[in-house]
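Read the single chain below, which is given as C-alpha cells and is the form predicted alone.
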Amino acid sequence: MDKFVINGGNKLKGKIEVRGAKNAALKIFAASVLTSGTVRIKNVPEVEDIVRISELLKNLGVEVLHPKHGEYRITAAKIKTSAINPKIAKKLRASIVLTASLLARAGNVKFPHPGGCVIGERPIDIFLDGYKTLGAKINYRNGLYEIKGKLIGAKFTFNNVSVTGTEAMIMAASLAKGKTILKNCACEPEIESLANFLNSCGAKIQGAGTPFIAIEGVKSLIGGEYQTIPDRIEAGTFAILAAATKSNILIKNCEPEHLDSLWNVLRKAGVRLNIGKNQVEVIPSGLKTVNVKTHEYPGFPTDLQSPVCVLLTQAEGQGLVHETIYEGRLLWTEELKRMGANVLMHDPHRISIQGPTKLRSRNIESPDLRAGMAYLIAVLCAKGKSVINNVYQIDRGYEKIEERLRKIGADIKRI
C-alpha cells in the first residue's frame, strides 16, 4: 500500500486547481445506463472511485472508453447482466445509485449491501422504500437484494433528506410510466447537475435543487454530453488547508456559490477571502474559534467537518463541532488528540476543540476519505516528519494530491 511522507510546518503559496466533482461524475456514470446512446463525460477526476464504477459498468456489459485524461465515453447499448459485482460494489458506496438505473432500464437488479467509508451506519432502506413505492418487488437472500418490476410513477416523501436517495429516485422515475412527485428532496448542486444532464438526454424533470421534484417518465433517453461541475468539497478542503497553515493560496476553477456556508464560517474565524467568479484567494490570517454544525445543503457540508476540526486546533478559543449527519464521523479525532490536539468528546455527535495547539508529527493510518485528507492537513500544520498510511482512501477522492500540493510548496512524497 502506498504511503505519504510529509515534512510539515511550512507555509504554502501559489495556485491550485480544483478537479471535477467525484460525487457528480459517479452519478452520471450510473445514469448513463438509462440510455442506449453514447454519453461523453468531461472534466472527470482521475480518482479510485471512478476506476471502481468503470469496472462495475464493464462487468454489466457496458462499453467504457477512456480516450484521454479526464474524459470518458460510455455506451450502454447492451446490458449483458443486471447483477452488480459484489466484490467491487462493497468498495464503493455510490454503487447503490446504479441499482436505480438498472432497475429502470432492465426491469430487475441484483446487488449486495454497498460499501465505502466506515463513518457510521448507512442504511439503504430509503432506496428500497422508494423502489417499492414505484411498484418494484424486493427479495433478500444469500446476502443479495433482488428487485424486479415495471416502474410506475407515484408520490414519495423522504423521511430523511438523502442526496443519493434523491438521485436514485430521479433516475428510477425518469423511465417510469406516468408522473412521480418527490418531496423532502436533497438540494445539493450535484442533484441539479444530474437533472440537467438527464433533461438534455430527453428526460422531463422539474424542480431539481429544491425540496420538491416532479418527473414525467419517458419511454427512452438518448445519449449526450456532460461537463462535470467543480468539486465543492475539494475547493473547500483547499481553503481550510490554506487557513489552517496560514498560507496564501489561490484556488482556481471552482464554483464559490456552492460553498457560501463555508465562507461564512471562515469569515467568522477571521480568515480573509477574496472571492471571484470561479476562484477564491485565501490570505494568511489570525484565527479565532467558531462553532460548526453540519447540515444538508445549503448548510455546512459533513464532508468538510473533519478538515474544519483541524482548523479549530489552530484557532484561539474553544469551538464546538456538531456532526448531525453520521453518528461515527467524529471518531477519527482520537488520532488528532495523539498529535496534541485538545479535543473533548461530549457524545458521538459533538466535540469541543480548544486551540491553538502545536500539533506533533506522527505515523497515521488513514481510516476513510475525508478523515485521511484531514490528517494530511494536520501533518502539514505539524513540524517534523509524518507518515500517512493507507493513502488509497485519499486517492478515492483527490486526484494526485501529493503532486498538486508539491506545486504550492508542500514537502510531500509518495512511497
Ligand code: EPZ
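All residue numbers are counted from 1 along the displayed sequence. For clarity, every value in this text was computed on a predicted model and none was experimentally measured.
Beyond what is shown, the protein has a form predicted in complex with the ligand; the following relates to that form.
Undergrad: At 4.5 Å between heavy atoms, only one of the stretches 33 to 41, 384 to 392, 55 to 63, 368 to 376 reaches the ligand in the model of the complex; which one is it?
TA: One stretch meets the cut-off, namely 368 to 376.
Undergrad: State yes or no: in the model of the complex, is some non-hydrogen atom of Asn160 no more than 4.5 angstroms from a non-hydrogen atom of the ligand?
TA: Contact with the ligand, yes.
Undergrad: Would Pro123 count as touching the ligand in the model of the complex under a 4.5 Å heavy atom rule?
TA: Looking in the model of the complex, residue contacts with the ligand include Pro123, since a heavy atom lies within 4.5 Å.
Undergrad: I'd like to check something about Ser261: if you look in the model of the complex, is any of its heavy atoms closer than or equal to 4.5 Å to a heavy atom of the ligand?
TA: Judged by the heavy-atom cut-off of 4.5 Å, Ser261 is well away from the ligand in the model of the complex.
Undergrad: Is there any non-hydrogen atom of Tyr326 lying within 4.5 Å of the ligand in the model of the complex?
TA: Yes.
Undergrad: Consider the chain as shown here, without its partner, and state which of Thr237, Thr313, Ser101, Thr164 has a heavy atom within 4.5 Å of the ligand in the model of the complex.
TA: Contact residue from the list: Thr164.
Undergrad: Please state whether every one of the three residues Lys27, Phe127 and Asp303 places a non-hydrogen atom within 4.5 angstroms of the ligand in the model of the complex.
TA: The answer is yes; Lys27, Phe127 and Asp303 each reach the ligand.
Undergrad: Scan 18 to 40 and note down the residues that get a heavy atom within 4.5 Å of the ligand in the model of the complex; none is a fine answer too.
TA: Residues within 4.5 Å: Lys22, Asn23, Lys27.
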